[in-house]
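A single chain, nothing else alongside it, follows as structure tokens in the form predicted on its own.
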């Protein structure tokens, strides 16, 4: 299977602190890939590098055959991203916000309108498309963030805690959206602390701590290796052994 994301030797230091430490990782095309680790493990820093928000100290990253560090414009066209908590201009509506993002991405007006309607409906905001975002709850902003990530129909989604702020019903609805997207062949790189969410959505997993990948494999192979289907048990055992 070919890889949608390939990371090699990725390192990011902040003064004396190494946030990402020679990280090497392959994300298979069409997989729902979980990026799991404790706070401060380097997950968000890795995602910020992949989305060109910060530059690495060293290393390589590719989306398919595109060098994400040397060709950021071309690379960003391959991805839709939700990184950290969603914030938008409060005076704009979802429709206006998606129009703004669509134009930034070079989409034509017809496609922006068509996809805005499609994805606002998909995330449950179709009845709120003309309401000011300043009146929205955190969960509603998170739904909008997912819609903007999907707007240009990218083959890869980079999601950092994408259900943050959603109530249980909203989390279930968005999980179903992600599961349907993987069936359509999208690659989802999914960072979350919610073990149950990862178990339900993802088929491949990497556990990271102290900026390094402890292991990466399919869920099936990992559970076979640890002789249990309890992902929380596997995670806690791995992290405990990492800090010894």
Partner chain sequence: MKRTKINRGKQFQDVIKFELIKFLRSRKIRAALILTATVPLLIYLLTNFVLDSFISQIYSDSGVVNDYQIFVNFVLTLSLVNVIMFGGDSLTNDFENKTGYTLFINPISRTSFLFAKFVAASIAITSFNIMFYILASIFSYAKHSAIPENVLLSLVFASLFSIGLLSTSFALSSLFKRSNMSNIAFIFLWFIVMGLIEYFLVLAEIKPWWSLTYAAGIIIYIFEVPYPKDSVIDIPSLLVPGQSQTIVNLIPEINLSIGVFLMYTIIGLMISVLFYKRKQLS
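Positions refer to the first chain, counted from 1. From a predicted model like this one, the values you see are computed outputs, not experimental measurements.
In what follows, reference is made to the form predicted in complex with its partner chain, a form of this protein that is not presented.
Is it true that 69, 194 and 215 each have at least one non-hydrogen atom within 4.5 Å of its partner chain in the model of the complex? No, the candidate spot makes no contact with its partner chain.
Please check if residue 132 has a heavy atom lying within 4.5 Å of any heavy atom of its partner chain in the model of the complex. So residue 132 counts as contacting its partner chain.
Quick check on residue 113: any heavy atom within 4.5 Å of its partner chain in the model of the complex? Contact check for residue 113: no, nothing within 4.5 Å of its partner chain in the model of the complex.
So, residue 91 and its partner chain: in the model of the complex, are they within 4.5 Å at any heavy atom pair? Within the cut-off, so yes.
Would residue 65 sit within 4.5 Å of its partner chain in the model of the complex, counting heavy atoms only? Yes, residue 65 is a contact residue.
Could you tell me which one of 99, 173, 161, 126 places a heavy atom within 4.5 Å of its partner chain in the model of the complex? In short, 99.
Counting only non-hydrogen atoms, which stretch in 194-202, 31-39, 179-187, 54-62 is within 4.5 Å of its partner chain in the model of the complex? Single hit among the candidates: 54-62.
Going through 54-90 from first to last, which residues have a non-hydrogen atom within 4.5 Å of its partner chain in the model of the complex? Heavy-atom contacts within 4.5 Å come from 54, 55, 64, 65, 66, 71, 73, 74, 76, 77, 78, 81, 83, 84, 85, 86, 87, 88, 89.
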